[in-house]
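Only one chain is shown below, in structure tokens, and it's the form predicted alone.
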């Protein structure tokens, strides 16, 4: 099967896309629609967009998303939040009940993601869920410290740790 050709878009489109992303992040973080906050966010987003838009494609960001990719990105955020909450509860339970068994160890999982940025997001998502920590990424393998190793089989560990995130990242970064 032929690999898809990379889609190149006009630099002005990358600038606008990056500006909208940065402004959205600013508004989400400040949670304010007051004029001074919006002006500051506009200024910061504008300067960063002017400095960074040329490197947008080189950084591995996916092309401008359609509704499907936007939907999967939002769904990914919900899944990540759910997994973080569940992992926090699991680790808290282990702390409060010290007799609960733990079996810390290091496992290898494999990823089908090709883009470095997608692998980085997968690794950070795994690290954000308490009980797992990404130690290294090499080619298609991630080295993971796991608080309670349930298997040392690569395929099983991949299914249990990485697949819950990777299924969304595949679509977002295709």
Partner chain sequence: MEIFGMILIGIGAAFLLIGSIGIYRMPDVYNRIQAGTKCTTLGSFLTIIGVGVVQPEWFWKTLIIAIFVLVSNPVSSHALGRASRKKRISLYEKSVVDKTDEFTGQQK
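Take the two forms, superpose them, and find the largest set of C-alpha atoms that agree within 1.5 Å; that set is the rigid core. Positions refer to the first chain, counted from 1. Here the structure is a predicted model, which means the values were calculated and not measured.
Quick note: we don't show the form predicted together with its partner chain, though the next part is all about it.
- Using a 4.5 Å cutoff between non-hydrogen atoms, residue 79 does not count as a contact of its partner chain in the predicted bound form.
- Under a 4.5 angstroms non-hydrogen atom cutoff, its partner chain in the predicted bound form lacks residue 45 among its neighbouring residues.
- Shown alone here, residue 154 lies within 4.5 Å of its partner chain in the predicted bound form, counting heavy atoms only.
- Residue contact check for residue 55: none of its heavy atoms lie within 4.5 Å of its partner chain in the predicted bound form.
- Heavy atoms of every residue among 132, 142 and 147 are located within 4.5 Å of its partner chain in the predicted bound form.
- For the partner-free chain shown, 100, 102, 103, 104, 105, 106, 107, 108, 124, 127, 128, 129, 130 of 100-130 come within 4.5 angstroms of its partner chain in the predicted bound form, judged by any non-hydrogen atom.
- Comparing the forms between this form and the one not shown on their rigid core, the Cα displacement of residue 81 stays under 2 Å.
- After superposition on the rigid core, displacement of the C-alpha of residue 140 between this form and the one not shown stays below 2 Å.
- Once the rigid core is overlaid between this form and the one not shown, residue 154 does not reach a Cα shift of 2 Å, moving by less than that.
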